[in-house]
Structure formats: C-alpha cells, structure tokens
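Taking the form predicted alone, here's one chain by itself in structure tokens.
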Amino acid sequence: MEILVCVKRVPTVGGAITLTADGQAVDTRMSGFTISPHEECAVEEAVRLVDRHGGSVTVVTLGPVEAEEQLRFCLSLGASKAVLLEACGAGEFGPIATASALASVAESGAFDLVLLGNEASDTGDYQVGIRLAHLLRQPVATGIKALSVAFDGVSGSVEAVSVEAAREYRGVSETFQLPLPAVVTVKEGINLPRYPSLPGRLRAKRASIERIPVQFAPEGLRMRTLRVPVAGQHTATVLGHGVDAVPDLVRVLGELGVLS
C-alpha cells in the first residue's frame, strides 16, 4: 500500500495559553511546536498498515522551513518519505488553500489511501480532509476510530481494494466501506502511537526532505484576532488549624451530604 499522511505544525500547549502582542498567534517562545495528537495517530496507523501489508508511508506538511522538524519526527516513527510544501508569502493558509496544496502532492503519486487527523489542534476547523477528498474526487470518512483494509486477487497479484472505517457517533457505532483510493480522517484513540527509536531518530536526521514552494493564496475568510477564553477562578478556604478546625470540618461535610 502507498499511504500519504498529511500533518500540520501546531504550537505545543501544555499549560496556560498566551498570545502574541498583536493577538494574531499563540506565543510559542516558551513552548515550541509539534503535530496534533490526531495526526500522530494517523502516522502510527499508516506505519502499522504498511508493516502489516507492505508498501510505504509519505508524510506531507504545509508550513515554514522550520516544519522540517515535525516531518523528521514522523520519519523517526517509520514514515519512508517526507515532503515540505514550503509556504511563501505572509499570512496563514486557510482550509481551501491548504487542501489545494495538499491535493497537488496527492495527485502526483499513486496513493491508495490518504490519512489526516480529524482536525488540527490549533484551528480545529474540521475542513481540510473533506475539502481534499472533494478535490481528489475520492470518498471520505471522518472521525474514524478503527481502520482495516480489504484485499482482492487480480491477475495473480493481491491488491488493496477497499477500507473499512468505523467510528462512534452519539453512542452509536457506524462502519463505512470505502473503495480505494480514499481519504480518511482519524481521531486520537485509534491507536497508541509509538515512541521514536534511536535508529529511527538517526535515520530521520540523515533523510532528505523534498521541498516544494507554495505561494500564499488569500481566502474570503480572514482571522481578525485571537482571544483566550476567561478561565474560571478556583479558590481555597482554610477552615482552621488542628482540633479548632473540627467543628467547621463537620459542618462542611454535612453540607456536602457526606455525613447524612
């Protein structure tokens, strides 16, 4: 199988989110960048399918030169090839322009399956996978939590002909069968991604990454500003010290219904 996995360079957020002074981006000076958990699971799923059935995994991202770091991380997980769609010009690529750029790579190779994360962890717009499938004129399934491939013998050879994709929606399990080639977006939890091995890291460090320049294409929708939602305030009350706090403790436990 030939599988293409689309990933995105996103800010690493492990604590309080702060914005740049102009309100146009997340301040990453004290954090850094990564790929979203959904996309890490997509890479892992692709590598598992290739380990099981043979083939190769290509990862592609649209972003600045610095996004090579995320591509090398994917290579260390087991991907065979990496393509950087080097964003040229100012501005954040929207979902329409992103899907168009990714389609150029998907169309240039004979990929049986294109995998994406269900949504990027920074914008969460849920659009790129569906728009990409539309441009490729391929079937698409989203929010997938289980994936398997069906094969068929043709002229003495065995070829992948379809994928079975399952997801949970409002408490109901849904299963779709898609003829290949197809586009699938996966959610975190479809698998447990592996940690990069030392040989994998060394191989990724030496690997060459194909660069393709992509000019910025403005869209009808433009981001005006980012805003961090106001978080709820948490307070603590000291009831007292030692035995003097026992009456107040009993009262609080009674109000909580613990003593009833």
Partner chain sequence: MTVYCLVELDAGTVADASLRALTMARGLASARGADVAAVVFGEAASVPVAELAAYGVMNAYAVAVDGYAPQAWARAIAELPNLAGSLGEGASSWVKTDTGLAVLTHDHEGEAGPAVLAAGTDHGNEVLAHVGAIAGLPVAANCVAAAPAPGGGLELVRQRWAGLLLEDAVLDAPVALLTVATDAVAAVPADSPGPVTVHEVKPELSAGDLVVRAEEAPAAAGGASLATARVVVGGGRGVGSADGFAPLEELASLLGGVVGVSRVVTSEGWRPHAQQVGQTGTKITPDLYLACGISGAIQHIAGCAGARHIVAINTDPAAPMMARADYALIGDLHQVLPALIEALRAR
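Residue numbers count along the first chain shown, from 1. Here, rigid core means the biggest group of C-alpha atoms that superpose within 1.5 Å across both forms. Since the structure is predicted, the reported quantities are computational estimates derived from the model, not experimental observations.
The same protein also exists as the form predicted in complex with the partner chain; that form is not shown, yet it is the one meant from here on.
The closest heavy atom approach of residue 145 to the partner chain in the model of the complex falls within 4.5 Å. Residue 26 belongs to the set of residues with a heavy atom inside 4.5 Å of the partner chain in the model of the complex.
Contact between residue 65 and the partner chain in the model of the complex is not found at the 4.5 Å heavy atom cutoff. In the model of the complex, the partner chain sits within 4.5 Å of a heavy atom belonging to residue 172. This chain is displayed alone, yet in the model of the complex one of 149, 136, 96, 105 has a heavy atom within 4.5 Å of the partner chain; that residue is 96.
Taken together, the three residues 11, 192 and 234 all lie with some non-hydrogen atom within 4.5 angstroms of the partner chain in the model of the complex. Interface residues of 185-216, taken as those with a heavy atom within 4.5 Å of the partner chain in the model of the complex (partner not displayed): 187, 188, 189, 192, 214, 215, in sequence order.
Put the two forms on the same core and the Cα of residue 21 is off by less than 2 Å between this form and the one not shown.
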